[in-house]
Ligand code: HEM
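Consider the single chain below, provided in structure tokens and representing the form predicted on its own.
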Amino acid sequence: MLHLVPWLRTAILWVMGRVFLQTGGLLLVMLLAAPFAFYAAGFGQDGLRGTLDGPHYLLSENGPANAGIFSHMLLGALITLLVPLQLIRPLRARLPALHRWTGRLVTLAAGITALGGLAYIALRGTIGGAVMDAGFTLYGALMLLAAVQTYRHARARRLDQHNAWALRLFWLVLGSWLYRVHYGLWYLTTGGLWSTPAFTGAFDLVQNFAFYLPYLIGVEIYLRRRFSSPGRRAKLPA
């Protein structure tokens, strides 16, 4: 048995290191996304109160459309800050009640966020026209689906499915922030090549889908590899 001790110690250190890196990475994401979240929350509140400083392209004469987009921004800011905490394993293990109640809040807010954005697109349309309408409608529909499925599987105690949908929801929630990260990096490196103020340039058209679909594809690849072993194949999340 003694010869197993070094191997066991190595395994424990490896697991601890993984958990540490995962936790640190999630906290870093939350920290990096915080400025955007605070800005969006303030903008959403000002929009709902009718106290925006000057005209804005999102603001229109359509009251329900305004309510939809500003609610979308306010609640979107909240879930951007909260969703990384849901994936931190030590927090889930030590404070399961907090994880459950925060999860309920995140899924409810994500659903309302998605509906607010979808309502705005249906009532007014996006600045970028039909392609942006299509990209953002698909994004909102996927977020709504992921929020419902995450909550539904959690309630039914189907934890593999719940975890899979929670991971999809995580990346979808971060989509609004990633959209701006993509633009920031693109303008920093190219000066705004193939991008126009009306969001009709080649880069803009790709961005209508690129801020969420590649990340979801990555999640699906990860899930398929994770559940590809013979012992877990029957539990492959749907």
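No experiment lies behind these values; they were computed from the predicted model shown. One-based numbering along the sequence shown.
Although it is not shown, the form predicted together with ligand HEM is what the next lines describe.
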Hey, of 84-92, 99-107, 155-163, 114-122, which bit sits against ligand HEM in the predicted bound form at 4.5 Å between non-hydrogen atoms?
-> 114-122
Hey, with ligand HEM in the predicted bound form, do 36, 72 and 77 all fall inside the 4.5 Å heavy atom range?
-> yes
Checking 183, 43, 209, 203 against ligand HEM in the predicted bound form, the residue with a non-hydrogen atom inside 4.5 angstroms turns out to be 43
Would you check, heavy atoms only and a 4.5 Å threshold, whether residue 127 touches ligand HEM in the predicted bound form?
-> yes
Answer for residue 147 alone: is it within 4.5 Å of ligand HEM in the predicted bound form, judged on heavy atom distances?
-> no
Any of the heavy atoms of residue 176 lying within 4.5 Å of ligand HEM in the predicted bound form?
-> yes
So in the predicted bound form, does residue 132 come within 4.5 Å of ligand HEM, heavy atom to heavy atom?
-> yes
For 131-148: residues with a non-hydrogen atom within 4.5 angstroms of ligand HEM in the predicted bound form?
-> 132, 136, 139, 140, 143
